[in-house]
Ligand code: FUB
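Here's a solo chain for you in structure tokens, the form predicted on its own.
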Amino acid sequence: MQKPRYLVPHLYTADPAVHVFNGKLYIYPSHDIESGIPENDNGDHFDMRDYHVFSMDDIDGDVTDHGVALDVKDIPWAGRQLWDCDAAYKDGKYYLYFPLKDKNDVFHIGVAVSDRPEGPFIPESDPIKGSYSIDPCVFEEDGNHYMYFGGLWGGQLQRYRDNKAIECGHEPADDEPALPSRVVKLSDDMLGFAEEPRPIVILDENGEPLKSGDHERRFFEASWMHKYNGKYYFSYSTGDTHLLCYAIGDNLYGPFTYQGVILTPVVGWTTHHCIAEFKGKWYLFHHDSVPSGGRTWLRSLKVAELEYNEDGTIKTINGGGL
């Protein structure tokens, strides 16, 4: 492909997760709508209510919209806000993992099951026990599946310490270690956690954990994991500084050492992505708000080719914003 390409002109879609199933690319994004809710730091204006699944036979080919795969009204424990989701496959079944606020306005992560990658997906009656916050990303290795998750501010990660809710949720002081993303191994049936979630520690060039005040590099949301040349690449959004960054490690549990920026700011407040290999090339899927005239809550999916340097670092892509 020659330049970044918008993928879904007929819907506002964002926060993509992409996987290769049965030789096709399947895209699992959130579905932006005009909710009429004023913007705020908790993200109440992102009042998404369903998921569509899309597929592509070729990166430059047509995109098929398979329609609604899951609707908030069909989830028994639903309150509001179906945010970023991800999908996985095991033993003939496809699993859709989604963050959703319950009836008490607390985010948990749920799971829905289908016989087909495009759905429709049937949700479990309750969220995953022990789950919290947002942005699930599921990574498979050697038949095991691991979920990375978490997001600050409206994602509620600051309300937890050591997997327990705290009385007054807050971020650490600027000179304290930043709040980390989490990783947890999934159970064999893919419907629960097999262990307690663990912190994903990101180190600076001196081997010290990134500080909470380091907004240019610290984790905010949008965890993604991929593997390249035997190394684990943990990528994420810095949120209020609008960067996609990455860190590299030798173990999927970390620690990871900060490396640099994948994508500079886009038009629109949020930056959320995934990285996938397809037919021998690597791609960055992300979004911006150009087609909606810069309305940050109405975003559109894009794809750009991702390139590596000889030392395994990633070449920075210009997001075109700010």
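Nothing here was measured: the structure is a model prediction, and the numbers come from that model. Just count from 1 along the sequence shown to find any residue number.
We do not show the form predicted in complex with the ligand, though everything after this point is about it.
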Worksheet item: Is there a non-hydrogen atom of residue 289 within 4.5 angstroms of a non-hydrogen atom of the ligand in the predicted complex?
Response: no
Discussion item. At 4.5 Å between heavy atoms, is residue 48 in contact with the ligand in the predicted complex?
Written reply: yes
Discussion item. Can you work out whether residue 83 and the ligand are in contact in the predicted complex, taking contact to mean some heavy atom pair no more than 4.5 Å apart?
Written reply: yes
Fill in: Partner contact for residue 270 in the predicted complex: the ligand, 4.5 angstroms, heavy atom
yes
Worksheet entry | the ligand in the predicted complex: contacting segment from 157-165, 72-80, 89-97, 217-225, heavy atom within 4.5 Å | 217-225
Worksheet item: Among 111, 134, 137, 202, which has at least one heavy atom within 4.5 Å of the ligand in the predicted complex?
Response: 134
Worksheet, complete the sentence: Taking the ligand in the predicted complex and a 4.5 Å non-hydrogen atom cutoff, the residues of 5-40 making contact are 15, 30
